[in-house]
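Read the single chain below, which is given as structure tokens and is the form predicted on its own.
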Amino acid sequence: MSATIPDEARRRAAELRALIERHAHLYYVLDRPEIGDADYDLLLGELQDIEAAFPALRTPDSPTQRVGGQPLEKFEQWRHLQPMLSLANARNADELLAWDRRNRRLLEAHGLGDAPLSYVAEPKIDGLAISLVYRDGLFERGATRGNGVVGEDVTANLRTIQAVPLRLGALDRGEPVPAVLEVRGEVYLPLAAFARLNESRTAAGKSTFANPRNAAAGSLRQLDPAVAAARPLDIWCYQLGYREGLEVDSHWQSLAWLAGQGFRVNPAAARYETIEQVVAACAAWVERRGEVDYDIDGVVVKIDEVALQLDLGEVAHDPRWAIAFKFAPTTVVTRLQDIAVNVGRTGVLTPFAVLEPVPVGGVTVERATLHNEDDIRRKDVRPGDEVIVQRAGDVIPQVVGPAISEQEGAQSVAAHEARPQWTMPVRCPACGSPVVREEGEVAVRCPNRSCPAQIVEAVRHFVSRGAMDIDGVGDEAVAALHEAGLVGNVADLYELTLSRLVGAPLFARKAIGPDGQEIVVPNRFAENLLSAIAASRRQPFARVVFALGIRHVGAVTAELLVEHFPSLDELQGATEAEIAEVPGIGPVVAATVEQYLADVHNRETLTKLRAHGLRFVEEAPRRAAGPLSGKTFVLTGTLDTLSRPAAGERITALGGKVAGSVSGRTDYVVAGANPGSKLAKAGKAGAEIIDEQTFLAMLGAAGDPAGAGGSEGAGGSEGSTGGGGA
């Protein structure tokens, strides 16, 4: 390979980096995605190909370098450029007002009694404090807070968080950047992501995390960056630390600057002119703390003016100019009346605590999570105990452990020890089938596919918004359909009729018949239900795969499967090894997919669903039947006579398929000028490599009138994705 890098490859690599960074910022920071995951992956794959062909183009801030390197043996220590101080606490309005009065007295003693004060308040994220260091605009190092002076270098793991900019936005605009900049932030796990993570770990037979903060801390301290990358970590950046070459007059100005550089700044932060407004804002957060999808344990209040911050200084390890308004504790003590069990859609038995009702953080709690039998053993909680209950994330109640009274001492311990330990039922509480626990797993399962509890949960998942999106079928409707004997399988939904629905009271109403007698007729709810079920037949194949509820197969995994196996027949015909080869799938998912598809009960369900008209083939309207049907093309390099989008349109118009990467299903690789590493992959995959003239001749022979000659969009027309080394 020549050491010279073509200008086109340089241009395309820079273009791709800018595109990928822009779309990552829109998705991970602003939550306003403009393209789908598949299109994003195509852009990233093209950049990876170019960098593989021309390693000199691979820069440290490239989007391809977020995850990489070998697992570490240990974390190195890192001395912060500026100490990361802790915060003093205010637990009520009086203490917050007292903090403000102390600051005003200090300012008055310094001759600044007339200085106007303003404040910035924002939610206090219950995560892991970190420091991000940028040198000349590029992300150089990231570390945990540690003891405030020395932390652990977790740079490799922080790079995997998509919301962490690898370069300051000013670089892209050609603006000057600080020589050195330290940004403070809080790494956390969103509550929804935490719930999904624990659910997947339970299904995989692994132990669960106690709360989102522990999960975030444990994920960020993984020695293998690939493990950290697989966890859905996120970040809020809230402050500037040490800096050279950047001056700001206020904290509010610094937040705006951070947002302008691409950092994720909490939109809930607000500026106030009086301390009374701050007190009211803190009181409001006490009420709305459950509205956000992350743990908060208070509100951080800061004096806005930087000059006044410097004048106030710090005491011990706390800045005088900032304080944490802490929420009331969300732990209480109540009696554990019983331990009951739920059966999920995959058959996993999940124990939960039945509690003597108690208010926790403004909500009356009667049930709490216990995760699994091993978790109960570890906590050693027993029915009849007084237990400590915590609202994890202010949303999910959990039993922390037994509340052994210090006053009663040995008597309290003896009473606890006298109570029998709880054990998992040996039979499913829903159907009576003997339960099983696979070797090496903590999960206990009911193997009965006809278990009513599993059926109800499976139907709930099937009709949910992210799956078949059957509007109006909530938990109450699913339960009503099952109790009336109308739905014993997800396929039964498509056999419902108005005459059958009147058998469920929820879907019926009384009316007067022609003979004046009272009769039962379908209500509007029943009519709407049938309309929504009919509309769900139009859901794409990937949605159907997700809706089936296969273990470990979420919405993204379903998309990956469908992309490589675009029909149910192809997916059923694939071996476990072939499924495992799909990027992003792996052996664990492949095994569960193969097991699901091999199960006789599941095959019957799929047959029924197919008969009811659900889509079991990937819909691709552009890939019409034609002379190139069944043929897959990959385009690489720059074409002289037409742009790559135009070439792709010609292929799909003739029935062919255009793929973004080379695989064993690739038939042809069309190589233009300056092709990249896809040529080498083509040889290994057994794909035929053809040049542009051969490709044009193929189009002409297939009946494309423009295929044998010139074309619009020759070379690099506007909007072309053609690029050297792609």
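Counting begins at 1, following the sequence as shown. Since this is a predicted model, take the numbers as computed values, not measurements.
Although it is not shown, the form predicted together with a small molecule is what the next lines describe.
Engineer: Which one of Tyr188, Phe546, Tyr238, Tyr134 is close to the small molecule in the predicted complex, taking close to mean a heavy atom within 4.5 Å?
Structural biologist: Selected residue: Tyr238.
Engineer: Which of these residues, Leu87, Val341, Ala480, Val365, gets a heavy atom within 4.5 Å of the small molecule in the predicted complex?
Structural biologist: Among Leu87, Val341, Ala480, Val365, a heavy atom within 4.5 Å of the small molecule in the predicted complex occurs only for Leu87.
Engineer: So which stretch, 215-223, 348-356, 506-514, 79-87, is the one near the small molecule in the predicted complex (non-hydrogen atoms, 4.5 Å)?
Structural biologist: Of the options, only 79-87 has residues within 4.5 Å of the partner.
Engineer: May I ask you to state whether Phe263 is within 4.5 Å of the small molecule in the predicted complex, using heavy atom distances?
Structural biologist: No, no contact at 4.5 Å.
Engineer: In the predicted complex, does Trp321 have a heavy atom within 4.5 Å of the small molecule?
Structural biologist: Trp321: contacts the small molecule in the predicted complex.
Engineer: Any of the heavy atoms of Lys302 lying within 4.5 Å of the small molecule in the predicted complex?
Structural biologist: Flag for Lys302 set to yes.
Engineer: Are any of the heavy atoms in His564 no more than 4.5 Å from a heavy atom of the small molecule in the predicted complex?
Structural biologist: Judged by the heavy-atom cut-off of 4.5 Å, His564 is well away from the small molecule in the predicted complex.
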